[in-house]
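Each of two forms of one protein chain follows alone as structure tokens, named structure 1 and structure 2.
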Structure 1
């Protein structure tokens, strides 16, 4: 008798938990609007960098702070390429709130920069791309990439002008990520929204401590050629 009461009580409790979860899920779906489908814009920026038609610099504010999205800014804190020679900005001078810095030049070798800016970062990278083919440089490369860009989440990519973000999408798609979950949001230089975190300060210094930064310590990784 006592046992049957325990079983009955447990059953009720289980039903209550399931109902609670279902209700919570329903409320969550109501609170967080569905993301528009990832769709490359049919304009100059879309054709050049793959910038998204629906989620871009102008609309990103509506899609910040979501649990179903990871936010990545692909710039270096300071790019060795001398962008100031072409009136550019080699420093990460600001970021959209919630985006975490994950520099593309540490993920893969970057090529095709304008001659005037000289060479960019040439140190170790997780992958090397040659003629569109990506080769792992470390045993941990794939795992790190999957940790930084979880496949079960939507991935929002930004950088300064859109180039690094576009190149990141291209890399991830080539390596097996679902293009429908990858959004090239665009460039911070064009962002005029309400969530602008300024890193360059009035005196010209940079408040890098305000940034969430994904560091890759290559010295702790195992080179594939070592195996």
Structure 2
């Protein structure tokens, strides 16, 4: 009899936990408005980089801190490309709160940069793109990409000016991600909101320890040609 009461009590507790989680999820959905549909802006940056019409540098503050979104900044900590020559910044001197650094040049070879800035990183990459086709360079490439960009979440992509973010969306869509869940929200260089985390210090040094940074150690990966 005693054991029956214990089992029954445990069952009731389990039901209460499940009900509580379901209620919490329902309340969260009611409290947090649905995201607007991903839609490219009808302007020069929209047509060039795919910047979103509704969620971009001007409006991003309203969409931060959501559980249904992952936030990815596609810049390098220091990019070999000289973005200063087009009024940008080769250093990741600041970031919008909540975004995690996931450098695009480590994911795939970058092509088509403005001639003035020169070339970016040319080392190992998870993928190589040739004529629009993406080839895995490592056995772990797909798993890493799926971990960094979970398909069950909405994904906000940002960089310096918008180019790396747009290239990332193109890559993910080509590899099977849902375009409706991918938002190119613009470039940090254009951000004037209230959630700006400064990384460049007054003495010219950089507080990179403030960043959530996804490092890829290529020395620990297995090249596909080794199969």
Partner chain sequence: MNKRTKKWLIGGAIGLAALFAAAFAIAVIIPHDSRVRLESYGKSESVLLDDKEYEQMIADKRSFLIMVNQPGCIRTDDMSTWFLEYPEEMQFKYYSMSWAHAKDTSLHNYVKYAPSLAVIKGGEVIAWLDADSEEDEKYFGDPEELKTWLKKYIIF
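Residue numbers count along the first chain shown, from 1. Basically, rigid core = biggest C-alpha set you can superpose within 1.5 Å across the two forms. Computed from a predicted structure; not experimentally measured.
Exercise. Given that just one of these two is the form predicted on its own, which number is it?
Worked result: Number 2 is right.
Problem set entry | CA of residue 88, rigid core aligned, shift of 2 Å or more between the two structures | Moves: yes, 2 Å or greater.
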